[in-house]
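What follows is one chain in structure tokens, specifically the form predicted alone.
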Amino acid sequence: MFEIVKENCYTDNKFISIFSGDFMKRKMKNKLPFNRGPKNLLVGMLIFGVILLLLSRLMNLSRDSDSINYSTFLNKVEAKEVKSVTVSGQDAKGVLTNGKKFETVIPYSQRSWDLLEKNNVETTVVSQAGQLSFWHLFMLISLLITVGFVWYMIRQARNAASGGGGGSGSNIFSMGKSKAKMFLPSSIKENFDSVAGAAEAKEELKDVVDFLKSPEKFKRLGAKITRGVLLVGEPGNGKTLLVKAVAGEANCPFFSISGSDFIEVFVGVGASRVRDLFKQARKNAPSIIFIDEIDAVGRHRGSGHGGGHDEREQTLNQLLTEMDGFQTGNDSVIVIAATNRPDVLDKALLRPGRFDRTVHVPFPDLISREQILKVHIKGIKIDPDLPLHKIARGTPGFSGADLANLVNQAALNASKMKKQMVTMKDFEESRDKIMLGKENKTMVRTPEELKTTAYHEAGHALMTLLLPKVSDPLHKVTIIPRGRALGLSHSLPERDKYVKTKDELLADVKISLGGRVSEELIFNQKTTGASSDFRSATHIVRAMVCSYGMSDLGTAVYSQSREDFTYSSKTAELIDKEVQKILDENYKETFKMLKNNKDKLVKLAQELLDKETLYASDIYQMLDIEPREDHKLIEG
């Protein structure tokens, strides 16, 4: 990753889950207020029970009859206070002579009937056949609901054990179902034209598309297509978008799932989900399975003991079996996975027959960045003269997501300033804000501090101008504080550099030392503001000595890493002396160059104090220096 801003600072620093056949049916069921499931069934039983209880209470409150015991009933009959009685079994309801209603329980005895007849009580006997009391009804309905609930649990448990069906698994009985979302070809709008840049990655993935479209072209000669493709790249470089483009180009079903979706606290669930996922994919073959962040489930086995490690390893074992096991068929199912940690993946996962093709998705180069910017500025009102190529030059090391964020931040900045369109100034502000932080407008500095900062940054900028053939072109220099930096000098690379010469590395060292040298030359003092510059310079020189073979110690590689060549303490002393010697030599050369151009240094610093920010075109004209020519790029 290449730095475009030399921080020469003065301080220390809604998807829809679609399943074959019954999609519309499931969609309608999902709209019902009581969707099927044990939880909803229990809620329904509870609500029904509460309703029955309320009804029984209301019935008790609405009754106009009094309950009396058997002795009181006999006394009222003998006192000729009972007008009529209706008997059903042992339950009796009647009316008193004063019009009040009552109810009681009478035993099976002849005395009761004789007493009623003796006192001329109008008696009616009702048969119990065909009658169903309220509580009998309640018990019957409760029993039916309980039986239905038990039957539903047994059926769901059997389905879960057999691994059938699909879906996201929203309850305990469908926990073994795959959580993958399936997208039909009609719902996938992306294709390779939707992906800007990544030409090499798209070329690799075209083989997958060709096989899914016309497998007979490969099978006629006995060739076997790659079963798995592993996309490797840093976050934001477009791995997921590439997989969607493959699915769109191949015009086949696309199953998407994250590696973490396989793992649960219950042992065996992950393996069950893997089986269910491949079962669905084979049913819809030819199809694509995309496993994002596969390192969540595909890490080296044996790295832990017990608990979640066992579950993860069982899931990984099942994935290995499904991809290339004893019972693996010749289904046209391609597995594409993505990760930014290929170093932690199990070796069995990467062997031929499984993920035997690795496609690198690097950070976009200069041409790709310009193409990506063209995609993201669609729909945004921008200045017609906006130099996209210049923006692309100023963003090496930016991923596709970073560039999308850059465009969005520029649009937000223009909207906040109530502009009619997004200009280059908005992109400059957005880039600086993303890389260094927001401008610190409330910082209070003394005139002495401001002057020291101006000469410090002028030293960096002037050294860049004095080394035109081996340094990146100067873009701008400012003393406006941003983030932790009191000032900074921007260099704008002409192109993406893949190798650097010794002279270019030493030029970077001299530019880093220019700030401190300028302070010492003008004020004859040293401040803490150059610490980050020294750190950068030391890092470059140490790499030259230990890794690049660019010193008097020869071409050996010196490293303290266990995986590389180690060195003794005596060699360490030699390395330290060599690093210090190179730094001292370059410090002296930088001091000499700035001293010979002291008039330019003073003029540049004074202009910085006056205007705070200067662009390269203004500096070239002010110092009467010929502007640099654009670098000739050779493609291919």
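Position 1 is the first residue in the sequence shown; the rest follow in order. Remember, predicted model here, so these are calculated numbers, not experimental data.
Below, we turn to the form predicted in complex with adenosine-5'-diphosphate, even though it does not appear here.
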*Contact stretch among 422-430, 511-519, 193-201, 351-359 - heavy atom within 4.5 Å of adenosine-5'-diphosphate in the predicted complex*: 193-201
_So, Lys239 and adenosine-5'-diphosphate: in the predicted complex, are they within 4.5 Å at any heavy atom pair?_
yes
_4.5 Å heavy atom contact, Ala337 and adenosine-5'-diphosphate in the predicted complex_ = no
*Heavy atom to heavy atom, is Asp207 within 4.5 Å of adenosine-5'-diphosphate in the predicted complex?*
no
*Gly400 near adenosine-5'-diphosphate in the predicted complex, any heavy atom under 4.5 Å?*
yes
*Which of these residues, Pro185, Gly148, Pro387, Pro235, gets a heavy atom within 4.5 Å of adenosine-5'-diphosphate in the predicted complex?*
Pro235
*Counting non-hydrogen atoms within 4.5 angstroms of adenosine-5'-diphosphate in the predicted complex, say which of Ala285, Leu505, Ala404, Leu366 makes the cut.*
Ala404
